[in-house]
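This document opens with one chain alone, in structure tokens, the form predicted on its own.
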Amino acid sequence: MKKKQEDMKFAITSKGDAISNALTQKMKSYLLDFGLEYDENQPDIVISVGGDGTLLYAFHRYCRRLDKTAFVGVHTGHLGFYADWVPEEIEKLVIAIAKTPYQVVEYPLLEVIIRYVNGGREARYLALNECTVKSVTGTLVMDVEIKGDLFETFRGDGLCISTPTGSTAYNKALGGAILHPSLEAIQLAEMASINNRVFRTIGSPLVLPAHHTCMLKPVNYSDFQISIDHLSLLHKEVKSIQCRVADEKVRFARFRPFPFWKRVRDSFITD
């Protein structure tokens, strides 16, 4: 799907350091000179200047208009999976944004619905990278249901449910597989599970397709530290945590090829 530049509105999110702020001001000035409109409320394209964390912040800021907003990242630190442009290329990027119809690439997201014990309350979140669940006190004990059937009772430090784009983040550190971001799936990885003659878990990551729902149900305690990407909150009296591939997708603006496996190699293998 191609996006044209007529009447395009843009916004820029900066990491906040001196280099990122200077680049932000320069790009904003250039794009205004090209006749584009700066609009922080209803942008067609959001430029993230910083790193992957900055783009995560931008994603959550605009997560209510994902069908209308596309993201592009400029990294001012280490190489990122989301921020694929470098400061030396900002003039090239500005011209591309202002003059070139761009390709919109959509990737799946994780939907997390937390239901609470009292009053039938629930909270819904979208994650670009992952959701992690940890116990506030001691070992996490959770029944893991897949498509409504009990799969296992997990005991350990915690659980991580990631998107394909988030599979290179915390999920990878836990021994999870790296998934291509175009796959419609989520991945469940364990954190230090307890396995002995009494307690047993699968012991390996699970990749679930879009039509499978994973439900986590507390066995003992109902207070948990739940993280959605970079946001970590204490949730009390939790009845269940439902995870599935979201109906919404994140949209990235591509002005050139994005070789995912080359990015994986450059990030984890190449010096």
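The numbering used is simple: start at 1 and walk along the sequence shown. The shown structure was predicted, so the numbers you read here are calculated from the model rather than taken from an experiment.
Although not depicted, the form predicted together with nicotinamide-adenine-dinucleotide (NAD) is the subject of the following passage.
Residue contact check for Tyr170: one or more of its heavy atoms lie within 4.5 Å of nicotinamide-adenine-dinucleotide (NAD) in the model of the complex. Contact check for His78: a heavy atom falls within 4.5 Å of nicotinamide-adenine-dinucleotide (NAD) in the model of the complex.
Contact check for Tyr82: a heavy atom falls within 4.5 Å of nicotinamide-adenine-dinucleotide (NAD) in the model of the complex. Using a 4.5 angstroms threshold between heavy atoms, Pro205 stays clear of nicotinamide-adenine-dinucleotide (NAD) in the model of the complex. Of the listed positions (Lys26, His230, His212, Arg61), a single one reaches within 4.5 angstroms of nicotinamide-adenine-dinucleotide (NAD) by any non-hydrogen atom in the model of the complex, namely His230. Against nicotinamide-adenine-dinucleotide (NAD) in the model of the complex, the set Asp52, Glu130 and Gly166 is in full contact: each member has a heavy atom within 4.5 Å. Contact with nicotinamide-adenine-dinucleotide (NAD), judged by heavy atoms within 4.5 Å in the model of the complex, is confined among 35 to 43, 53 to 61, 217 to 225, 235 to 243 to 53 to 61.
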